[in-house]
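Below you will find one chain, with nothing else, as structure tokens; this is the form predicted on its own, and questions on how it binds or moves follow later.
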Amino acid sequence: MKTSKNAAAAAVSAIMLSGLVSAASAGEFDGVTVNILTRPGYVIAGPLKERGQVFEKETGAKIVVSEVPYAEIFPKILNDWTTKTNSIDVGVFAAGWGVELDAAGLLEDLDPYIAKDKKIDTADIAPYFREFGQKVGGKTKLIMVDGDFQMVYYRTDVLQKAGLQPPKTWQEYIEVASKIHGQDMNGDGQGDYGSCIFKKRNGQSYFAIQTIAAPLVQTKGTAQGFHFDNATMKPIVNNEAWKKAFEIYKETGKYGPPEELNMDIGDTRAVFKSGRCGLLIEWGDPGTLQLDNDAAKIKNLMYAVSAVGSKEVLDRKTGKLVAVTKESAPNSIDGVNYAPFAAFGGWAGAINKNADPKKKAAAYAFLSYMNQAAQSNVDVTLGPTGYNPYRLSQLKSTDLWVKAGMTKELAANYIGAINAALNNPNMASDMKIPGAQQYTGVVLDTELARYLSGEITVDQALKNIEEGWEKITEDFGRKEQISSQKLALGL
């Protein structure tokens, strides 16, 4: 199957026009307009628009999708809903942002709608996304359209040629990257890169560093978390574990593109699609992006591991690293602690609690339509959509993925890696408390960038992060943040 942007759009449109039936009945929402705000570009927004056109024909509801830069999504929604301007009916954004919006009383409770919905089939949504992505305080406040966490990808042909195995630990990641760096991986006569990671400031670099830190810090399951002491909200960041993560992250740059500090996710995707990356940290997208026409050199060659771990973990009492044992890391496997990181957590739709009741009904019906297997099981197999798997039916068989263009071997690897992560009891959750974007997207991101550029030392960076996180906690209220953290981690 061709999966260029235009081809993917055509494929989605053809499938939608084949007569799929939404949760609503014909003409039920005649005259109702649902205004949705999300990120710019075809990724995420494109399928909302295309499926919205079909939904309108089936139900009468007009779906209007507006786009703003990523950094503007949250503040625009927060301002619109807190001031009760109500020009936005639905926000499609990072699932983790829901906790802060719900704490302000802005999100519609969707459980009553789900109770009457015979098509959404929430039991088919993978437990992590159903319980941690969609729910706040035990109530469903969001509907997933995408499932996100980060994995490590590797060029299976490059590693096989070098006689290497996929890395199990971050130290092995460095070792593998060093051994394959400089090899010509795409046949153009130029040396290529052992590792490719997006490291640009304000370019989501703060997600990748957490993927490295998570297995060093979190050892006792998702509810433990790896950012704060849950009882006090004191940051768990100025210690040997986070220091090691920062140092590893910087060391990968020895084996990356020379301009890596200025590369965002779009830049690294262009590089790996051209066949120039041996290893990379990414979301689920490379699995399907390698099927695009402009990725011919890597088609069916980008394999994944669900997580890379560590043989050392944090002793939270001392702030020191200790060897992995069943006592220090109960979920460890063969002396390695893994903690797959649900970076971003997935794109999800939430409904403005103060919207007109008819708009809320139509909005829910549309989000249900996007979430249902009939639609989403197609969307997640098309790289340009930006949608990654989140339903069990998407992960139980290789059939969907082989149909999309994967070999059976790659399909088995891809869904196997995702299933292994989702079934790991030590899955690490993205930050989902009020101020999450400030904690990570501002403070962590800024100090990480300063360290990578050589402006400050790693010790200074961690101290600054600790102080910055403490200030944000005080600004929001420590008691309130403790309560929010418990809700976010299901405590």
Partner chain sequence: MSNSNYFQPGTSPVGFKRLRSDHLNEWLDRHSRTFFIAPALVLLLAFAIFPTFYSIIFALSRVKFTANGLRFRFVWFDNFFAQFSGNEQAHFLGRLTNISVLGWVFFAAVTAATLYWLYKSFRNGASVVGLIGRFISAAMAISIAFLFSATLLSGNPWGTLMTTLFYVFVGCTVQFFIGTMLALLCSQPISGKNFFRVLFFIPLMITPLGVGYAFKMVLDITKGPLQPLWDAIGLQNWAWSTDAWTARWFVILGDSWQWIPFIFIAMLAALENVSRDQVEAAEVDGASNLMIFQEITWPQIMPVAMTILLIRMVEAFKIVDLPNIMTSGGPGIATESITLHSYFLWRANDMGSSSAVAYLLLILTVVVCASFFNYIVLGQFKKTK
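Please read these numbers as outputs of a predicted model, since none were measured by experiment. Positions refer to the first chain, counted from 1.
The form predicted together with its partner chain is left out here; the points below concern that form.
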item	value
Listed residue (L400, L78, L164, I88) with a non-hydrogen atom within 4.5 angstroms of its partner chain in the model of the complex	L78
Position in contact with its partner chain when the complex is considered in the model of the complex, options L261, V322, I114, A412, heavy atoms within 4.5 Å	L261
Non-hydrogen atom within 4.5 angstroms of its partner chain in the model of the complex for each of D124, K141 and L392	no
Stretch from 451-459, 38-46, 418-426, 53-61 whose residues place a heavy atom within 4.5 Å of its partner chain in the model of the complex	451-459
Distance check, T156 to its partner chain in the model of the complex, heavy atom within 4.5 Å	no
Proximity of A104 to its partner chain in the model of the complex, heavy atoms at 4.5 Å	yes
Close approach of D267 to its partner chain in the model of the complex, 4.5 Å, heavy atom	yes
Its partner chain contact at N202 in the model of the complex, heavy atom, 4.5 Å	yes
Stretch 203-221: residues contacting its partner chain in the model of the complex, 4.5 Å heavy atom cut-off	none
